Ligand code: HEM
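Presented as structure tokens, the chain that follows is alone, the form predicted on its own.
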């Protein structure tokens, strides 16, 4: 029997390292970082780790909001979603994640585009709308 994607990615330690690199890459990317202006990065890290862990067959349980609810009112463009995917692929390449595993992760994330993108535009670097309400910070 083939090992789960979670196992092939290297388990929780590898997923954590990938998420942290990805978070830092996104924070430094002027094409999309304005959308994260009010995001609690500690919360984002935990939610991404749990989400990727669960989606790849690991033992974690994602307890965050749906992708639609989390991104509602952010006015994310198609171009910004594509930039985010490019950052994720760059992170995968940095960690030498295999093409098969990259494809499987992207196949899980791809359908989320319709829940995240609100504007069909190639524009990037757009500001977060003033009315957007970020999720509350995690209790420390």
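Model, not experiment: these values are computed from the prediction. Numbering follows the first chain given and starts at 1.
The discussion below concerns the form predicted in complex with protoporphyrin IX containing FE, not included here.
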query	finding
4.5 Å heavy atom contact with protoporphyrin IX containing FE in the predicted bound form for all of 39, 67 and 70	yes
Proximity of residue 92 to protoporphyrin IX containing FE in the predicted bound form, heavy atoms at 4.5 Å	no
Protoporphyrin IX containing FE contact in the predicted bound form: residue 55, any heavy atom under 4.5 Å	no
is_contact(residue 60, protoporphyrin IX containing FE) in the predicted bound form, heavy atom dist at most 4.5 Å	no
Residue 116, heavy atom within 4.5 angstroms of protoporphyrin IX containing FE in the predicted bound form	yes
Within 98 to 131, the residues that have a heavy atom no more than 4.5 Å from protoporphyrin IX containing FE in the predicted bound form	109, 112, 116
